[in-house]
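Heads up, the chain below is alone and in the form predicted alone; it's given as structure tokens.
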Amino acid sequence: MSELALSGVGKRFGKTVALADVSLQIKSGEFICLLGSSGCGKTTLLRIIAGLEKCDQGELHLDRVALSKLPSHKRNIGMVFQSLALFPHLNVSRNIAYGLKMRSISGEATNARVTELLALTGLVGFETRSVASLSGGQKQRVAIARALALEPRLFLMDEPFSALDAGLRDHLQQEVKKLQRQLAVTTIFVTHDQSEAMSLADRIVILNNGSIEQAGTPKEIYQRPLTRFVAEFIGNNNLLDIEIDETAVKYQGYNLGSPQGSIENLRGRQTLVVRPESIRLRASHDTSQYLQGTVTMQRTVGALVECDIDVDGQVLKYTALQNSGPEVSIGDAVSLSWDWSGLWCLPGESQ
């Protein structure tokens, strides 16, 4: 197992800033997800760690050894590319064994390692199969086994499941997490899918325009986003620009009652974060509730009901389990309230 430390890492492509002063500590055995939209810098950061790109500034240390002094082939880092990059002229076993043979590992040791990885990745019986004859999920397993063959100090994955259908993607996510825990290898996984990051990561690192917006556990990221960007990016949070004084919380002319819960001691202009599942809905205008609005969208997604509710021009998101709330349709008048104990204001958002 290995620890990775990034300090002030920066990278430009011409006038474009790909990474700006990225600093991060990754513990031994951690599963880290780099999460963000296209162009945020996550793949560039992964390639710098792997040695496929050079940073313009900053330092990277793996177990206190400076990586900038080591070429990629001497870093002992395993990587699964988005394109997989399997060798079409080699069968499954030979693809997995390729790195071992390049390092002149003995045939006996190579065969033993390949046999072990075939069992770990569920590929027993596929040893002599051509990779061209494999399904997408089987090819992913071969790429993972090949990357792990040399017992890497770091295991890097660049959106490896993005081209797979939802069912297979979910299955492979579970397999990768199980394998990572079994091997205890420090892993960095790039994705733009927040659900994937939430299900896999010990910690999520959210990147935006080449900088880290927030790093934390999935629970921390979801329950307490630290910036407006993270709050909008994760979980469809509702952001309400409110005014708080000693006696009342006001929003667009509505009096929401006295400050309570985590906002009790806050004053002035704030940005209140209300999660969709925290909203309580009533089918009718009820002036005892906080807000009144109109349903503009309603859909069922598995066990959940999701609604968009227009409140004086701002659309609020509402989510509930089926049969746990009132039945509503598009165009219905509704009222909204919530439990203040589950709400908070973004740090530094007062004006």
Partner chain sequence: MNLFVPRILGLCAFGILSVFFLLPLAYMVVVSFYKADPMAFYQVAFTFENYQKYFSGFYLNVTLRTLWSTAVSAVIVVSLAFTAMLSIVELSRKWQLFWVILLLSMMCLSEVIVGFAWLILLSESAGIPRLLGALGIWDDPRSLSPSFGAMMIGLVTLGFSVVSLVLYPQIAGRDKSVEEAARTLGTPPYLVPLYVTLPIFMQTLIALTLTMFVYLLGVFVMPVMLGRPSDWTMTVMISDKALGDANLPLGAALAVVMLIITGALLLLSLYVSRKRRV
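Predicted, not measured: the structure shown is a model, and the values here were computed from it. Positions refer to the first chain, counted from 1.
Missing here is the form predicted in complex with its partner chain; even so, the following discussion is about that form.
Under a 4.5 angstroms non-hydrogen atom cutoff, its partner chain in the model of the complex has Gly99 among its neighbouring residues.
For the chain shown alone, Asn236 is not a contact residue for its partner chain in the model of the complex, no non-hydrogen atom being within 4.5 angstroms. None of the heavy atoms of Gly39 is located within 4.5 Å of its partner chain in the model of the complex. Looking at Ser72, you'd find a heavy atom of it within 4.5 angstroms of its partner chain in the model of the complex. Residue in contact with its partner chain in the model of the complex (any heavy atom within 4.5 Å), chosen from Ser83, Ser135, Thr217, Ser162: Ser83. Comment: its partner chain is not present in this chain, but in the model of the complex one of Leu52, Val311, Ala320, Ala283 has a heavy atom within 4.5 Å of it, namely Leu52. No residue of the trio Lys11, Leu24 and Arg203 has any heavy atom within 4.5 Å of its partner chain in the model of the complex. This chain is displayed without its partner chain, yet in the model of the complex the stretch 145-153 from 175-183, 240-248, 113-121, 145-153 comes within 4.5 Å of it by heavy atoms. Of the residues in 31-49, only Arg47 comes within 4.5 Å of its partner chain in the model of the complex through at least one heavy atom.
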